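Before any questions on binding or motion, here is one chain by itself as structure tokens, the form predicted alone.
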């Protein structure tokens, strides 16, 4: 296991105005699980895109060796021929095609000019067995949960005789059970001789699975740590990732009074015409000024459906029950009505539903409240610049300029822009759906600090999160959902992971 299967030497990669990688050296032993960690923007994904040929030879400086041979990848197919496969956080599957069609996409088994479906299905069953996925290969991808789709992606990689499997935040969108199953699979693949490179912000996962960990910071290699020597701890990783110690992952909140009721739902229900069933049933909850209320539950429990139904019902559910804002019954026909009532919703999928990546930071920050900047039908661009720069300073958004395209920012800084956009609306109630998904521990700490400051100023926050430590660390009260219903309410003092899971599981 001491033989390097991969060596990347002095890799430097620049984008306009940004040096993403600066003389990075990265070595992986054959047959190990090597974790790559660092803050958002540290260069992890860029390094793996160099390795996989997304950034082709000639667009960077430095050398790549696979099993001792110098590589000059001009695209993904070149890296795949060398036995490298990469699985991104956003899965590259075609929902309308079957499992077996996705596994063999681009590498179809044919008899002459005709695809041999029977042989393809037969081989798919064998590959699916290797990843522990027992589904009918003819099942459409759209009919599988995210956890099973992740396994199909890995099956695709195994079909290509992968030697080095790169997984970029593979558990970011998974619940605890699916995450555990995926980590077990990575350990099983190690036994089969597959070398894995895992990018993850979930440090507990890293500590549980890694043989070796490399830390990047500001585009540079900081250190490589061996898990076998007993020196690898969460505190050590955080210190190397952020360049300082963070004594408490969840910052302490100053004592303040919980105020009047800001929002209440009574017997709230939602029927989805597209699904042909209720997604919410008899939901009763409330949140007060100066309070963070956590919403916990397994994937599919109705948490995001709850958020959308409150925030103007963009999915056009058939709603029942009542909603009260500041003691007055309200009815929202669309998200604009909710915004006018001083509600805000930071979506779980910032890239698709929360932000416009091809626009700049400034335009995204002001997007939800352009009326405030409009003078006689024209946007006051000078005032827009003032607002954007103020938000950049207040939330410590790391960007060379407020005119930088949002797609060029790290995930953590994109999330800060999403927060800034809704703070410009000046909401009384903010719904945060997975506010720290896919971002590093340093950026998480900054967002938690912002959340604490907001409730200290009297704002109400409803926080949906799949990470139970986050729910427990940040919430004043916790509602637990299952199958579209509230299964229980726990105070901060009585809430534990075990109690939450007992309520979350739908027997």
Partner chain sequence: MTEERITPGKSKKSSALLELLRKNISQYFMFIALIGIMVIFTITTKGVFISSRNISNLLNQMGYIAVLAVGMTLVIIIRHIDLSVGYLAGFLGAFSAIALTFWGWPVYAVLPVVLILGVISGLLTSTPIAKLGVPAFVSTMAAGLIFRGALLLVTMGTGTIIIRDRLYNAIGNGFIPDLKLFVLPGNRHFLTLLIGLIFIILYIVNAVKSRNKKLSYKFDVLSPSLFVMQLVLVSVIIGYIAWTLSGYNGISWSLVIVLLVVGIFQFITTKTPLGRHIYAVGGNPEAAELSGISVSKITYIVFGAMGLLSALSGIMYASRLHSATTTAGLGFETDAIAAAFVGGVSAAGGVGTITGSIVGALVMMSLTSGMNLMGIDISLQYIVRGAVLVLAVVVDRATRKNR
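Residue numbers count along the first chain shown, from 1. Being a predicted model, the structure only gives us computed values, none of them experimental.
There is another form of this protein, the form predicted in complex with its partner chain, and it is not shown here; the text below is about that form.
Here the chain stands alone, but in the predicted complex its contact with its partner chain, taken as any heavy atom within 4.5 Å, falls in 369 to 377 among 254 to 262, 288 to 296, 98 to 106, 369 to 377. Its partner chain is not shown here, but in the predicted complex it comes within 4.5 Å of a heavy atom of residue 347. In the predicted complex, its partner chain lies farther than 4.5 Å from every heavy atom of residue 272. Proximity of residue 424 to its partner chain in the predicted complex falls outside the 4.5 Å heavy atom cutoff. When contacts are judged by a 4.5 Å heavy atom cut-off, residue 354 counts as touching its partner chain in the predicted complex. This chain is displayed alone, yet in the predicted complex one of 407, 239, 160, 390 has a heavy atom within 4.5 Å of its partner chain; that residue is 407. For the options 211, 282, 234, 384, the residue carrying a heavy atom within 4.5 angstroms of its partner chain in the predicted complex is 384.
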